[in-house]
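Just the one chain here, the form predicted alone, laid out as structure tokens.
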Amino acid sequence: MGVLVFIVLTLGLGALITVAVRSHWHETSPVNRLTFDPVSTSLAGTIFAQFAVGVIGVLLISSEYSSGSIRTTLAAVPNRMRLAVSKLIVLTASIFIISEIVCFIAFSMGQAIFSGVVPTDSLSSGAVLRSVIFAGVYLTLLAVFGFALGLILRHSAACISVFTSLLLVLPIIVLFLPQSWQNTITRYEPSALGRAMMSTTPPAQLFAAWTALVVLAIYVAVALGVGIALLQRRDA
């Protein structure tokens, strides 16, 4: 069910947003037209899909703690590192494949909708191809991050609350800080890292795409390391 929601959000909302942009293109100012990115706009559905993949990652492990089935799982697989790595491989491989397929479809749909009215981009451009691929990578990393939170907190509601707060609430809080602080903190926000990864030319206040990928990967690696360490130390 979570995967279906993720697909619908990415494709459905992406299509709605691109249709809206096309419908109001003649009202767009010259400045906005010059800075318009048809790639990230086509992938706008990922803004909502990121919450779906996070929940998928969280529930992969936290649901077993909630139901108590984690004891049965650990009895069948006493090696906790092997258990965590096995689940991680399944999660990463499945989400990565689905995310890449969905992101490429979303991009193609968006460019088809824009065609003839709004400037479009082609996958023959290295920056465009990188942006679409990184969109799938971004969603995959968020799913792994959700999985790591599940290992750390073990309660589905708590994990989802923390995940949502990091992606949605944190950027709102930062808006109330002094401008100089905003410029420094914003680029490190997970959602801002995702925008940088999916932009053909990231805004000046954000990291470059590859740098954003590295920073997000570090976040995920640290959270995953803590989660696995806690899994091995704590009782089920």
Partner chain sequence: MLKIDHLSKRYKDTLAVDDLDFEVKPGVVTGFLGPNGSGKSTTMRVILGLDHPTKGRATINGKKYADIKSPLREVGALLDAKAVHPGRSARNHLRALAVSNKIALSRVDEVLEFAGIASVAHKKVGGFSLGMSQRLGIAGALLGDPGVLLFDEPVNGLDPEGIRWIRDFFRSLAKEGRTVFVSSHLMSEMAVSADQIIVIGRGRFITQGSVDELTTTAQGTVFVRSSDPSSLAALLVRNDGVVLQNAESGLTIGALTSDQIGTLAHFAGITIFELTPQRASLEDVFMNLTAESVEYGSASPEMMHREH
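Treat the numbers as computed from the prediction; the structure is a model and nothing was measured. Residue numbers count along the first chain shown, from 1.
Just so you know, the form predicted together with its partner chain exists too; it's not on screen, but the next bit is about it.
For the options 115, 86, 72, 124, the one in contact with its partner chain in the predicted bound form, meaning a heavy atom within 4.5 Å, is 72. Proximity to its partner chain in the predicted bound form, defined as a heavy atom within 4.5 Å, holds among 101, 81, 76, 90 only for 76. Contact with its partner chain in the predicted bound form, defined as any heavy atom within 4.5 Å, is confined among 191-199, 61-69, 206-214, 22-30 to 61-69.
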